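Encoded as structure tokens, the following chain is the form predicted alone, with no partner shown.
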């Protein structure tokens, strides 16, 4: 028989604190095995790419005519390309370029799109009409054609990868702006927004402190998908010769070798590794995006 003291009777037990939506989402995401494996793989690729100078000391630019088109060996794990450069070394440095383009474009696109969408959805009226017509104007452009044209115009004025990053970012934010606007339009009708407006909160504070945190789940999912799309766009443009400069290795311009039928048929080591890297990284990002989508959706039971 268990005795209950007077103090235990007088002191009520505090109710258990329910976890926040973000804690629930994190738990759901960690239980998604495919998303976690994809995240681990992507982290490994990022670490290997950005530690390339410490992993290999071979030159990625110098042409060596004595080692042209050599198959994989103990000296060159993935063989050499048509200029005698080590494919494995270029793969690592190419990962830095492609991932930098993907991450940077994602940040700029999300920043521009979220800003335009949030302002347009919150203020409405003429501001909404002007911003959305400008967004329609940006979305109207054929993306690949205008990226090639603008990249050709800007090249030489801004060095390296930043030319491509800026051009892609300026032409690809329209979809994010529309998605954020639609979420803000629905969210701003809630009582907590009306209450914050009634007590005199500034519009900037209402948007940053109240609206954006509640549409963050949509923005996060959009960000992962945008990163995958921009890596594919960079690879396609570099393959065509209009993307990352030829002296800077990227997975896309490594595929440029495959335009030669001899390389495509008989020298698989030159183009299969970058093609495989692009495929696996894009799949990983998409699986992570799906995992985040399920985790941040309160109605999902997966």
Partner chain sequence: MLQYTLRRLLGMIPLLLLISLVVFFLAKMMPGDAFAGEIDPSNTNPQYIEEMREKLGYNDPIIQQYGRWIVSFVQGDFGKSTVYKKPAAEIIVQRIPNTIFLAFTSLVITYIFAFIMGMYAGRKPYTLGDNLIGTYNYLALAIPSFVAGIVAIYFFSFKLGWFPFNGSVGVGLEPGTLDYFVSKLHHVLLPALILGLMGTASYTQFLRNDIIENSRKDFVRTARAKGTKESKIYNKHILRNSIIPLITFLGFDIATLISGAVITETIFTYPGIGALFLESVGRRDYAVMMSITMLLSLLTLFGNLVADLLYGVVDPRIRLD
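Since the model is a prediction, treat every value here as computed from it, not as a measurement. Numbering follows the first chain given and starts at 1.
Another form exists, predicted together with its partner chain; not displayed. Remarks below refer to it.
In the predicted bound form, at least one heavy atom of residue 142 sits within 4.5 Å of a heavy atom of its partner chain. Its partner chain in the predicted bound form is not approached by residue 269, whose heavy atoms all lie more than 4.5 angstroms from it. With a 4.5 Å cutoff on heavy atoms, residue 290 counts as touching its partner chain in the predicted bound form. Taking non-hydrogen atoms only, residue 162 never approaches its partner chain to within 4.5 angstroms in the predicted bound form. For the candidate set 91, 132, 99, 150, a heavy atom within 4.5 Å of its partner chain in the predicted bound form is found for exactly one residue, namely 150. Listed residues 67, 259, 31, 58 were compared with its partner chain in the predicted bound form; 259 is the one with a heavy atom within 4.5 Å. Contact here is defined as any heavy atom lying within 4.5 Å of its partner chain in the predicted bound form, and by that definition not a single one of 27, 46 and 49 is a contact residue. None of 112-120, 184-192, 132-140, 162-170 except one has non-hydrogen atoms within 4.5 angstroms of its partner chain in the predicted bound form; the exception is 132-140. Contacts between stretch 252-288 and its partner chain, counted in the predicted bound form as any heavy atom lying within 4.5 Å, involve 255, 258, 259, 261, 264, 265, 268, 271, 275, 278, 279, 282, 283, 286, 287, listed in sequence order.
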